[in-house]
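The data below hold one chain only, encoded as structure tokens and taken in the form predicted on its own.
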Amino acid sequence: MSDWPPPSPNLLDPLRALASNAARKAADVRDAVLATMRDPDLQRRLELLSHQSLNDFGFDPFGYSPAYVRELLPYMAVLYRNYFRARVHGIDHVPPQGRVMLVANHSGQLPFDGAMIGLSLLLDREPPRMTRAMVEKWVPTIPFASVFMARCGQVVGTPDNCRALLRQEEAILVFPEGAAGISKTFDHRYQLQSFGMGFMRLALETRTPIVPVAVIGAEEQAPSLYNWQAMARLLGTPAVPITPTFPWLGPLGLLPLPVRYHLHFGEPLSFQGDHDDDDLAIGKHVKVVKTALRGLIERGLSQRTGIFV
């Protein structure tokens, strides 16, 4: 009878355990960042970040800042290496220099796919290359994010912007599916949406080779169960995804799951023709790229042994 009544449970214990676990995770991240900052290979790669058209304040005409990227890269390297544990396949297909257009499938609700591709060329390519991603026209309307993306080298995806960067021999990243790719619900994962033709016209005009890039993993980082279109129209965004964690957990629900990314780079594709040809002629070239990308996606999915491993 001495054990009756049982001791009352302490309602704060679960919160204490959660706080303790969060503190340990934060310490692990801090240690990983500090170790990354001391990595001599990363320091060597940081020194190679440069740009030929910087103004007196250290920015290029689009707002890109190599100094900003140098400060940010150790933290992004932890995200790339320790959180998403990205693996690259065929990255040597990306030319070491000269203009090139990377064409990738778009997925994941939040643009971590573009960040992982860019980081792969900085951290796993030898020599490293800076990637300039073309982003949706509505991105500059997002407070803070617009400045952040510009400083990291991302550019609003207009033909003029893309043309100018290709003429500077840059590596350009484009997602021909546009917002439709990143807004897919989970039942349409890894199904390529319709491709625009603008990227092909620019590739023909500037005689730029195209390297297809298949992103495996992003579809599972924030599975979209439903696209809340009414809210998307209200906010002026392409989609408002309802996921297993968002909006139920508030801002924390936007954090991606720790899936493993696999990036598959295909062999360069070169095309000949007039960039002013009709849509039928341009569409044949686009179909070649889409077919090559679909093949990379299928191969990547068949080789993957698990979502988180």
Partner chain sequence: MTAEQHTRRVVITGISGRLGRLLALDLHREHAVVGIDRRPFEGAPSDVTLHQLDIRSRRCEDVFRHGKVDAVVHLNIMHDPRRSAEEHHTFNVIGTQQVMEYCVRHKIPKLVVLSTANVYGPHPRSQMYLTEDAPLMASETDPQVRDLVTTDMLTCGFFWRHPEIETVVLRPVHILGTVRNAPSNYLRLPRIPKLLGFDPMIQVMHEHDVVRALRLVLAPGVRGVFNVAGPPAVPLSVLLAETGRPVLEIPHPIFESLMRSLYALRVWSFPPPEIGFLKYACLADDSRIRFELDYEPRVDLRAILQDFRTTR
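Remember, it's a predicted structure, so these values are computed and weren't measured experimentally. Positions refer to the first chain, counted from 1.
Unshown form predicted in complex with its partner chain; subsequent notes refer to it.
- Residues placing heavy atoms within 4.5 Å of its partner chain in the predicted bound form fall in a single listed stretch, namely 59-67, out of 246-254, 272-280, 259-267, 59-67.
- Not one of Gln43, Ala77 and Arg81 places a heavy atom within 4.5 Å of its partner chain in the predicted bound form.
- For the residues Gln191, Gln229, Thr185, Thr158, the 4.5 Å heavy atom test against its partner chain in the predicted bound form is passed only by Thr158.
- Contact with its partner chain in the predicted bound form, judged by any heavy atom within 4.5 Å, is made by just one of Gln221, Thr237, Thr206, Ser146: Ser146.
- When its partner chain is considered in the predicted bound form, Lys137 lines it closely, a heavy atom lying within 4.5 Å.
- Contact annotation for Ile142: at least one heavy atom lies within 4.5 Å of its partner chain in the predicted bound form.
- Within this chain, His89 is remote from the site of its partner chain in the predicted bound form, having no heavy atom within 4.5 Å.
- When contacts are judged by a 4.5 Å heavy atom cut-off, Arg151 counts as touching its partner chain in the predicted bound form.
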